[in-house]
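Below, in structure tokens: the form predicted on its own, a single chain.
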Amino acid sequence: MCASFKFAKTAAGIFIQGIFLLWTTFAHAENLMGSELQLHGFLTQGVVITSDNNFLGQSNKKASPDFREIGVNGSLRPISDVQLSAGLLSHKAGGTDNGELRLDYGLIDWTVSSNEQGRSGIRLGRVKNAYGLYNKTRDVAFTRPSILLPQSIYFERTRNVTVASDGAELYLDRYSEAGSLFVTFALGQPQIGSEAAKVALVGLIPNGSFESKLMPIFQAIYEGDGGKYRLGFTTLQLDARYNPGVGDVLQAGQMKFTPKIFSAQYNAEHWSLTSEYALRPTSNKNFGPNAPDSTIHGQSYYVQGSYRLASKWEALLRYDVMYADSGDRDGKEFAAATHRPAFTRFSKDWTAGVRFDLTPEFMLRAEYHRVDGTGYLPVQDNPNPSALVQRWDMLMLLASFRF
């Protein structure tokens, strides 16, 4: 281990300890120069055990503790219409993320106008992407409906690509008796420099690098009856060019990804029903013979129900489906062309889970997955496709603390 890496790990550890000390000192909020500084954080540890294959670490027939999230965030409002916010995150997820401390988000939020009818403004900096119902808060376990978000929409293997962008986000909120409308439009540079991001984009570990045009993201969410039901639409366009490295198996190609996500949720007193459906067209060209030109239309959806059994208990049931190519749902055409398993092109995941809030600050979760297909498994955890098993089971346990 090189000296610079040791230093970085030591510095990160000291920094996190310092943040916790600050939190203790400030006791959650402190008046600073006439403004209120808010400090919060979370620590989440998961364990994954699979009957076959690997997910979030080497989990095949053994317990993998390589799923961990540690975050600290703060906000400061120096004047009434300006808020400064930032969050630091260490995210460990098997071979797709090594847990290095990084800036999760950091932005200036300027509310240009605000009244009883709504508000509008702009956020500048590293902004969490408005992507479906859960992406903006996906790293905080307390805000997720389950340990693992539906992988048909919120892939763990592509998390770094979709989680945040460096740029600007315009927002417009409107309130009326008919309901509330929340509209955002963002334009930013996606985070595609890491190895995990490159693997997510081309499905293998390349020698070169990607550079992307500014990525536009549009989202509109309508809430009726005080949030009893929600309807949403999200779309974005990732347009990236590949620069080959020395001895690269890929040529200077281009890829374009333009998903469209339709979201719906109904919230009753004791239960909620949620569903999202995504169309995921992806085109690749000029990558050379190892990645022939192609345009495929991925398709994803899930249906999820949760029920609050008691004040501290909640149960969840979900069916989650992903097809890499809706024109080849069973993957047979892909298998014939590549001699790789057909079931790597789809996944059908039945999930049953339970949540127990021991205290408002401490939560425990357990969930069981019965999966047909390996479409959402990361290449980094499963480098040998011939070793994959089509039908497999997964048990996940999680504990999370927040302050």
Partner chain sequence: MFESIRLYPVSAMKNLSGISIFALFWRACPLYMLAVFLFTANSYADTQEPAVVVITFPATSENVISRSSLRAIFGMRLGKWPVDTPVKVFVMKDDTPEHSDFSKNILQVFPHQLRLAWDRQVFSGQGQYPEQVASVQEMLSKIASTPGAIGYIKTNEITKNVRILQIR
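Please read all numbers here as calculations on a predicted model, not as lab measurements. Positions refer to the first chain, counted from 1.
Another form, the form predicted in complex with the partner chain, is not on view; read the next lines as being about it.
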### Task
Could you confirm whether A268 comes within 4.5 Å of the partner chain in the predicted bound form, counting heavy atoms only?
yes
### Task
Mark H40 yes when one of its heavy atoms lies within 4.5 Å of a heavy atom of the partner chain in the predicted bound form, and no otherwise.
yes
### Query
How about D328: is it within 4.5 Å of the partner chain in the predicted bound form, going by heavy atoms?
no
### Task
Report yes if any heavy atom of P281 sits within 4.5 Å of a heavy atom of the partner chain in the predicted bound form; otherwise report no.
no
## Note on the structure
Among Q299, T158, S263, Q83, just one has a heavy atom within 4.5 Å of the partner chain in the predicted bound form, namely Q83
#### Entry: Contact assignment for the partner chain in the predicted bound form, among S275, S212, Q191, N73, heavy atom within 4.5 Å
N73
### Query
Just one of 158-166, 243-251, 95-103, 139-147 has heavy atoms within 4.5 Å of the partner chain in the predicted bound form; which?
139-147
### Message
For the three residues E177, F182 and G226, which mark the spot I'm curious about, does each lie within 4.5 Å of the partner chain in the predicted bound form through at least one heavy atom?
### Response
yes
### Query
Judged by heavy atom distances of 4.5 Å or less, which residues of 105-120 approach the partner chain in the predicted bound form?
Y105, L107, D109, S114, N115, E116, G118, R119
